[in-house]
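Structure 1 and structure 2 below are two forms of the same protein chain, each written out on its own as structure tokens.
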Structure 1
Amino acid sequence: MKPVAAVLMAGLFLSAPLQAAELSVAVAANFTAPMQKIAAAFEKETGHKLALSFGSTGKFYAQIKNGAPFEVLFAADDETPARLEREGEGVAGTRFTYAIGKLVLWSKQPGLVDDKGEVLRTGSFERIALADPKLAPYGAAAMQTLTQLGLADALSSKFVQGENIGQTYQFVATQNAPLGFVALSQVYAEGRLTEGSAWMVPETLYEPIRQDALILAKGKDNTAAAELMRYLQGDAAKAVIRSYGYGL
């Protein structure tokens, strides 16, 4: 590299951190992989530093209500951000849907799940994993699907429930449950299924799993918060989000 270019480059890097801020972000566990990718690009582009915490939305709610230092929340649902905004814990008008989760019936075994989900009607399995419908949006969506198909009662004795979608994936990935309802983002990369067999549940069978983001009261005066929200709505971030099997 020529000295002049080096000086110019150094100038570029130095100019960014002038307004660089640190931002504490709470992220739903199911969005871990795309967020890490997006955060790296965002940090490079803006010079801001993101401190990412991954966890369950219910736990984040309890922590935020009790003074946690998070400035932005990327939730796994749309109810929690709306509730926080209502309760004065968020900045009004900053809430938006950053991703729409898709449900998939998945087995690690190739050929076990057919592409129409007929396997559910045969009932030729001992257990079926789903996330706790009370706690996890993907669990609620799985329950709606089974109810729509008229199979919820028939299969209920075969349910094993994960407390979140990550644990549900674990049950199926270790084959302790031969099949289960997981998030498409968990078994999907670069536009196709990573392994096993799956049925993409038609979106007519369950209510859309909207994942909303919100700037929290503690992030009100942090310029990085608004910038991150804008970045998430840009094309670069959207492409990453889609590549992990989310809708938008």
Structure 2
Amino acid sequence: MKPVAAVLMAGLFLSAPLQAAELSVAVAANFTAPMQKIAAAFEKETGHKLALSFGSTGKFYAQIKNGAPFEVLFAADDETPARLEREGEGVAGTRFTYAIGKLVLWSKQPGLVDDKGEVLRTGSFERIALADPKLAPYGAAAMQTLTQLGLADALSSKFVQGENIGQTYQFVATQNAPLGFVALSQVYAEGRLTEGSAWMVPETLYEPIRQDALILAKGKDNTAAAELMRYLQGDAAKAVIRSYGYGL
């Protein structure tokens, strides 16, 4: 091959996009809306295809331990990814905090929840929804909040527990429960509450909800996994994450 032709061929090779790959991603339910938006932009930019599964972090842990084919985990806490990494189910050095979640007491009904959460002390409601504290970090945060307020025992008979924060949101959105503790990201977008009434729970009432991502062992050799992790730490993804009320 002539030198000029060789240079041209090399340039074409270097400018060609990497082969598109498919990636199986387990995503905490609270991160559903931002992840869908991020995934669409990532797929458009890279050509990779993301297969997203949404659910509770606790259930994902059990599924991963039982051989589920997930390659990346976006958890609702930092403990689960750290545990998976220690147990050899994750790729060492790939774990990072992609968002800091915030808890909110929310009702679809305007005016039901006041901006100081005093409605909790009135007890003037039949049911209050929260995620299972044993499976969902947002459920644990809700219980910590009620305990700090001295209301956990008094309200326990009114609890309606969702398997994850997505199901918990549905209880309140369908008004099967008039109010409940959900992730701020589920009821907040573009800098405002989407509907209803809410109390932003002070972060002093619950432990920080640090949400970590991790490349799992099954995704070690998938180039799309590393690219997705880099993308999540870029400005475009961070802007989406902030727009749903998360801290960074």
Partner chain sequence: MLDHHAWQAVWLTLELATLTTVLLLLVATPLAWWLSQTRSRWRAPISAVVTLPLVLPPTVLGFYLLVLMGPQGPLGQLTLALGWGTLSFTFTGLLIGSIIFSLPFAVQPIQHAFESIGARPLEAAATLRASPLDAFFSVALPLARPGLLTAAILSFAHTVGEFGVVLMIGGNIPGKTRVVSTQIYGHVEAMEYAQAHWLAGGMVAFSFVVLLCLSLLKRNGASVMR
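Here, a residue number simply tells you its place in the sequence of structure 1, counted from 1. What you are looking at is a predicted structure, and each value in this text was computed from that prediction instead of being measured.
Here the chain appears twice, and structure 2 is the form predicted on its own. When the chain is split into two rigid parts to describe its motion between the two structures, Phe96 and Ala213 fall into the same part.
For the chain modelled as two rigid parts, C-alpha superpositions between the two structures yield a turn of the smaller part by 13°.
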